[in-house]
Ligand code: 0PR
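Single chain ahead, by itself, as structure tokens, in the form predicted on its own.
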Amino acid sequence: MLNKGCSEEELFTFFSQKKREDMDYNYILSSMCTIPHPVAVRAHCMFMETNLGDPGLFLGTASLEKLLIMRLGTLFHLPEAGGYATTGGTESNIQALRLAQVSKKEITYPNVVVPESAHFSFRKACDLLCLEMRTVPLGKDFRMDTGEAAEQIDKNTVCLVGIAGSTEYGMVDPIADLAKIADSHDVFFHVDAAFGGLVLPFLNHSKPFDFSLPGVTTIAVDPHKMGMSTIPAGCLLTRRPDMLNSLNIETPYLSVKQEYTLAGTRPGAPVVGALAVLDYLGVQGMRAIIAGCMKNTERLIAGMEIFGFPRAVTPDVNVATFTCREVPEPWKVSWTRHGHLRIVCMPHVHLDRIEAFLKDIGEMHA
């Protein structure tokens, strides 16, 4: 810490220099986050000082969190769903597994069954909660093998996990089939829809993945991804509104005397930002944005295949993967664990960005 403070001009000159070291979003093709929508930024700034960790002091902000959960619950065919705003998919997944473990606390050596495509947050969750993680291989379509999933479940299984929009390949597991399997085994079923949760409801022919399926217990969704909110904004939704109460601990010196959240201090600003985007755009606006992202994904796939880079799989959401070893600078992409080039066509990846990338990669491999 400086002994004597610096001037505001000096400070922000330094910050500006550091900001220029960040990657330009115009060339970021690998991120599942995007540039926040202007209404999210405006809402965020309005609620900058609010703390949902002490909700009795911020009753208006707390009511907006409840409204956000109701909006998402309605989108997922259960307006009365319970839940709360998290920091993102990692926290939501940890909390879901905590709920599953508590629901079967008589089990001494609990395990969870997850697909090979599960986000790395499940490894963190299992390490923290001392759960055995059983990984189910994917089929040729990069979806969870339901037969293998059923075989992995035993008397010590506390949770089955399905993915709705996998991080690497943009695939949706056979959620309906997995829900039936979970229901028949009386096993908690968590759907990680951190990415796909705000894509699939706005597609014309997507398969059910939500509370419309009786076996689904909890759903994770991240408004700071396709919901274009400010970071961090995730949500965990529960089928029963009172389900989270099983995680309550005493908080004697706060405005509420019990809390079930993982984080203590919780910013209200990105939560209101998430609600702002959903209410500003509505279903029609979200549908238009998702349609644009999917159209750009299709254009990218077509262009890459013209240049001889075949798709690894036809995705369910706006994530495209290819057999391709390198891309030109300054484009920022990523590779899957199987070595496929991976690009996410987020809202900031406009058609002109797709065309520019295709031009550059075409010239590179000419």
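The structure presented is a predicted model; accordingly, all values stated were derived computationally and were not measured. In case it trips you up, residue 1 is the first one in the sequence shown, and so on.
Keep in mind that the form predicted in complex with the ligand is not shown, yet the notes after this line are about it.
- Of the heavy atoms in His119, some are within 4.5 Å of the ligand in the model of the complex.
- Contact annotation: Gly268 falls outside 4.5 Å of the ligand in the model of the complex, judged by heavy atom distances.
- The closest heavy atom approach of Gly88 to the ligand in the model of the complex falls within 4.5 Å.
- Within this chain, Asn93 lines the site of the ligand in the model of the complex, having a heavy atom no more than 4.5 Å away.
- Site annotation in the model of the complex: the residue of Val333, Val313, Cys33, Val41 reaching within 4.5 Å of the ligand with a heavy atom is Cys33.
- In summary, among the residues Thr146, Thr135, Thr167, Asn111, the only one with a non-hydrogen atom within 4.5 Å of the ligand in the model of the complex is Thr167.
- Screening 41-49, 24-32, 55-63, 305-313 for residues having heavy atoms within 4.5 Å of the ligand in the model of the complex returns a single hit, 24-32.
- Counting a residue when any of its non-hydrogen atoms is within 4.5 Å of the ligand in the model of the complex, the hits in 216-232 run Asp222, His224, Lys225.
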